[in-house]
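Below you will find one chain, with nothing else, as structure tokens; this is the form predicted alone, and questions on how it binds or moves follow later.
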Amino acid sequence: MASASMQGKVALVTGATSGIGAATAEALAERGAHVLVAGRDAARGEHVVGAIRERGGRAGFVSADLRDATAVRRLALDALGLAGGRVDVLVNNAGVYPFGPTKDTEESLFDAVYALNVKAPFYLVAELAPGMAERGGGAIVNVSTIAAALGFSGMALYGSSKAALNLLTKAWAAEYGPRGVRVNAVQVGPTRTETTAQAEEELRSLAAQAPAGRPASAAEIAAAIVYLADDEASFVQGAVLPVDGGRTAV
């Protein structure tokens, strides 16, 4: 293992069966955390778990249905059951990012986006942060987007849901920070994953607007998430960290 700075800690990562979530799960395991890989696809989840175990890490898959508050609470209970009653790190990574004109947005899509991007992290924090606070420590990292800070045509629904998550990050830092729970977010720019690689031209075009001039890799985003989750970021609370190649700086 590359580092043991998170040895003995349990980390729950949602949307961890691919992309940024999988890279984050692997990076947390490299630091010694016991990682719970949460997602809908058991086969992909077990693949991530297997890769972690092959490198000597500890991991397990937990099925995640994040459509409503009851299902989210069930995930929290399942995670606690698998991890011996504690979760020390929560990474709210699962999300959907549909693009399109406001006038064409069906109410069912609106509700689905807010259910996964806002309601799910809200109730996971409601279930898991109090236990962290009782133990006197923990870390929560929310995965946001530059579309929450900048106006992009066609991204009103997606961007507004993540803007809500940015505010929740600060509100939770105020609520749980005094009891030792750090809450932060990463505000992600264009990133190459299995999904976004299918729209390579659009990905490169968006990335070209930033000083870095290229998309991020999932591992680069994961490195920022792990930094915020680990104790080396002990004095970082309520931050929304841009990890966007400089896009929001220009």
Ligand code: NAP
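From 1 onward, residues are counted along the sequence shown. This is a predicted model, so every value here is computed, not measured.
Keep in mind the form predicted together with this ligand is missing from the figure; the text below concerns it.
Problem - Three-residue site R67, T145 and P190 fully in contact with this ligand in the predicted complex at 4.5 Å by heavy atom - result: Contact check passed for all of R67, T145 and P190.
Practice task
Work out which of the listed stretches, 102-110, 87-95, 127-135, 173-181, brings a heavy atom within 4.5 angstroms of this ligand in the predicted complex.
Solution key: Going by heavy atoms within 4.5 Å, the stretch is 87-95.
Handout entry: 4.5 angstroms heavy atom contact with this ligand in the predicted complex for S205
Key = Taking the distances in the predicted complex, the answer for S205 is no, it never comes within 4.5 Å of this ligand.
Handout entry: Interface membership of R31, this ligand in the predicted complex, 4.5 Å heavy atom rule
Key = No, R31 stays farther than 4.5 Å from this ligand in the predicted complex.
Exercise for the section: Report whether the minimum heavy atom distance between L116 and this ligand in the predicted complex is within 4.5 Å. Expected result: Yes, contact at 4.5 Å.
Exercise for the section: Although this ligand is absent from this view, report whether P242 comes within 4.5 Å of it in the predicted complex, heavy atoms only. Expected result: No, P242 is distant from the partner.
Exercise for the section: Heavy atoms within 4.5 Å of this ligand in the predicted complex is the criterion; list the residues of 36-60 that meet it. Expected result: The stretch touches the partner through G39, R40, D41, R44.
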